[in-house]
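Form predicted alone, single chain, as structure tokens, below.
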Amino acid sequence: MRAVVLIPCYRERGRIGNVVRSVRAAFPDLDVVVIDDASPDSSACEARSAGALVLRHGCNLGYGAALETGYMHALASGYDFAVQMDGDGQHLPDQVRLIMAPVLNGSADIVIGSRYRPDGATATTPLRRAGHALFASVLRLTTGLRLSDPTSGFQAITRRALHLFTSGAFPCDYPDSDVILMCRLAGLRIVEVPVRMADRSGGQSMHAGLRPLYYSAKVTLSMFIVALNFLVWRAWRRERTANEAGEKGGSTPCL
């Protein structure tokens, strides 16, 4: 199976190059694509020098938009699945095999790398742990899905999920638990695996300052809207299933 590593990036000078080199050293057969969201620093040049293909936005569009650009590239390039990780050094290349395993054995469409491990170790703050618990509770109550880290950006994603994420419904700023809810309602198989994560090696988190207040309100409202549109996701699931059946049978797909 062909796979690509997608790394959204904004103002990660001094970090993104090391991330790219570490991924390429651990997985020399995987392509690495950095989506630079119009960083005003030398992040794009640093990533390119480290050996990544760089897709650069002309203006800053947001984290979600950077991911969507990567998803569209992965889908158009014919990759079987994508590994998504951050460019700040928190997501460790030696953990990639753990999140790829359920995709490779065909048991999941989306694999989430959770920083909550059986040994009790976590790489996050008490405030963020509270947020994770809140959104995990909402997902459990609405879908029965039990996740410990629904906000994790360390993921493996199949082509089926890529089709959903490039259908026009993916949020441009903070894709989070609302996306997981959408995936669940669309019939995608979601699995969580525990992984090790490191502390951010520098720079500013996208959740700094007052952003967590906006983030919490936005994701909560977005989850409500996603739930109201459950018929849309069911229709997508039926259409995607029909398309896949047509592809296997040699007919022309609808999408």
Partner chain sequence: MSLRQFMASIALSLLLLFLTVRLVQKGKLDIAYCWIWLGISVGALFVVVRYDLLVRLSNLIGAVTPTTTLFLMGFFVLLLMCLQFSLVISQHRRQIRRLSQELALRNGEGQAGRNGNKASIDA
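Residue numbers count along the first chain shown, from 1. Here the structure is a predicted model, which means the values were calculated and not measured.
One more form of this protein should be noted, the form predicted in complex with the partner chain, which is absent from this view; the next part is about it.
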Please determine whether A65 contacts the partner chain in the predicted complex, using a 4.5 Å cut-off between heavy atoms.
yes
Check L53 for me: does it contact the partner chain in the predicted complex (non-hydrogen atoms, 4.5 angstroms)?
yes
Looking in the predicted complex, any heavy atom of S222 within 4.5 Å of the partner chain?
no
Does C59 make contact with the partner chain in the predicted complex, using a 4.5 Å heavy atom cut-off?
yes
Assert contact residue (the partner chain, in the predicted complex, non-hydrogen atom within 4.5 Å, options R160, R115, H73, R184) equals H73
Though the partner chain is not shown, can you say which of L98, L145, A133, C172 has a heavy atom within 4.5 Å of it in the predicted complex?
C172
Please determine, with the chain shown alone, which of 175-183, 136-144, 76-84, 149-157 has non-hydrogen atoms within 4.5 Å of the partner chain in the predicted complex.
76-84
